[in-house]
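Next up is one chain by itself, shown in structure tokens, the form predicted on its own.
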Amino acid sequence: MAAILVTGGCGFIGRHVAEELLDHGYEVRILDALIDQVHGDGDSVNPEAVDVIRGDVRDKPVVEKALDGVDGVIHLAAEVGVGQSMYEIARYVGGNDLGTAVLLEAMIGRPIRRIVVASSMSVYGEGRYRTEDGHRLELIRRRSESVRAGQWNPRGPKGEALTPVATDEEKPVDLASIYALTKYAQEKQVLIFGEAYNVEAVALRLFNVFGAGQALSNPYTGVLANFASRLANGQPPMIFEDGQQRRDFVHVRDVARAFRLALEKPNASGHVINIGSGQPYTIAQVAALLADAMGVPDLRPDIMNKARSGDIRNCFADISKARELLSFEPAHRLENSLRPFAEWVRNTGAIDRGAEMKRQLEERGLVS
């Protein structure tokens, strides 16, 4: 039986990863700081079979203790959220990048076979686009003055209209937020370390993860959890820009399976791999689907017509590489999974902090 350390294993994704590993015969140990913003809902219970160590991934003696006797590492511990990263910069750089560095130093000289790190689709900035004549562009970025004027869609080099297409791993990164910067640094640290120390290393770029167990009272945890908290409290979801921006939503159970496969599949070593559904949804469409699933279809979203600093317009996954290297295929589509999610929200309860998030961003000039 292989023993796996899951950092951040008491979090939303981590709990599902731990269950997936246990179900497939692994021994699981968790290292988690259990910070209030993530775990304040009290829904951080792990199976009794899991060994849980409470501690910060930046605390080297604690990390060394957690690594004793393990064969592999799944590194999920991280500060999460684009908006908050733009004003709590030291917290994000310290937790994500310094934390990863401490973990890797502590791994030197140990017989650890493989490490899988959670990266993020945010490293792409804008996703892939093509021109009307079918030419696929390498790098597109919106002009801040255009966004401030309400021109939400990026334009081509000659000012031409563009069509968003699925984003593959070959697209150059374009780091539009501090969060994206830290996630890219995490994946590069892990891959460089793996090459230098002959440790098999894999980075999974996760798209928008959803499912039961999200921290509903943390407004930075994800768009679906944020919308659900608003709807559960009789408030309309707040949508920045015009709601037509497109994202990819992948169920947490599919993500957990992807992490297990990334531990197991020999050909995955050394690769960066997208983990998403491969299906684009507009944010307004998602808000309407969730309101219907929660039984409040008349709670139409509040379209802000304002943009957050660090946000991008469109990005959804090309998962061809995940299919090839991991034999990964999403099993839980968004439109078929919202009713169970809504039922969990109703049973859990949620504190709506969306207005507080908006106020914090506006006070710092990060909404325009």
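Residue indices: 1-based, along the sequence shown. From a predicted model like this one, the values you see are computed outputs, not experimental measurements.
Although not depicted, the form predicted together with a small molecule is the subject of the following passage.
Note on the interface: of 78-86, 166-174, 148-156, 231-239, the segment with non-hydrogen atoms within 4.5 angstroms of the small molecule in the predicted complex is 78-86. Checked against the small molecule in the predicted complex, the candidates A342, V52, L325, A33 yield a single residue with a heavy atom inside 4.5 Å, and that residue is A33.
Here is the short version: of K65, K306, R300, R58, the single residue with a heavy atom within 4.5 Å of the small molecule in the predicted complex is R58. Residue contact check for Y179: one or more of its heavy atoms lie within 4.5 Å of the small molecule in the predicted complex. Using a 4.5 angstroms limit between non-hydrogen atoms, F207 touches the small molecule in the predicted complex. Mapping the unseen interface onto this chain, N274 falls outside it, with no heavy atom inside 4.5 Å of the small molecule in the predicted complex.
Residue contact check for A18: none of its heavy atoms lie within 4.5 Å of the small molecule in the predicted complex.
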